[in-house]
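Next up: just one chain, as structure tokens, the form predicted on its own.
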């Protein structure tokens, strides 16, 4: 599956969804769909997307929160899945864009390419609603569930390893924080 098409499908008709994107490629993918104040881009905190999304979901329990991160970042922060499972935020969904590569460091194979099952890791941590999505039809079906308050949920989007052109949103952390806070009201 092509990564930009998969992320665009996931964010189609996003409604009130708050989005936290991980380092690198997933931030560019989210920005390619459209830069907006309800996107919180993490530029330099590898492994931090899930903990930030968890904190946001706990602080804003009436709003759906989606973390979009890559397989390399998820592998770095895999321990955070146990904390998500323990806290059980009903409004949190985590989607891992899995191209089986460490895109930020040169495209080396990630552990996902070597047999690591990220959805299985999430289930083992206690996130029972964990799936792998391999085509756009299943992404569209999954999208409908992002607004249900029955999480936490976890999905792996298996995508091709190509690197589409960068779409760079603002990189000013203060600006991103302020506009995100303002979007919360």
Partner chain sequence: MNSAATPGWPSRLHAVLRAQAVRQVGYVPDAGHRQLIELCRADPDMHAVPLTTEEEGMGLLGGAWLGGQRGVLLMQSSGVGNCVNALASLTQACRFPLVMLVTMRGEWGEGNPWQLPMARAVTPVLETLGLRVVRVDHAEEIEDTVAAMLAMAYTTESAAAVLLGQRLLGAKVFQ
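Residue numbers count along the first chain shown, from 1. These numbers were taken from a predicted model, which means no experiment stands behind them.
What comes next is about the form predicted together with the partner chain, which is not displayed.
One residue of 59, 137, 149, 144 in contact with the partner chain, assessed in the predicted bound form (non-hydrogen atom, 4.5 angstroms) = None of the others qualify; the residue that does is 59.
ask   = Even though the partner chain is not shown here, does residue 90 get within 4.5 Å of it in the predicted bound form, heavy atoms only?
value = Taking the distances in the predicted bound form, the answer for residue 90 is no, it never comes within 4.5 Å of the partner chain.
query = residue 34: heavy atom within 4.5 Å of the partner chain in the predicted bound form?
reply = Although the partner chain is absent here, residue 34 would stay clear of it in the predicted bound form, with no heavy atoms inside 4.5 Å.
ask   = Is there a non-hydrogen atom of residue 113 within 4.5 angstroms of a non-hydrogen atom of the partner chain in the predicted bound form?
value = Heavy-atom contact with the partner chain at 4.5 Å: absent for residue 113.
query = Would residue 12 sit within 4.5 Å of the partner chain in the predicted bound form, counting heavy atoms only?
reply = No, residue 12 stays farther than 4.5 Å from the partner chain in the predicted bound form.
inquiry  = Can you tell me which of 25 to 33, 153 to 161, 115 to 123, 41 to 49 lies within 4.5 Å of the partner chain in the predicted bound form, counting heavy atoms only?
reply    = Checking each option against the 4.5 Å cut-off leaves 41 to 49.
ask   = Candidate spot 83, 173 and 184, all three in 4.5 Å heavy atom range of the partner chain in the predicted bound form?
value = Yes, the whole candidate spot contacts the partner chain.
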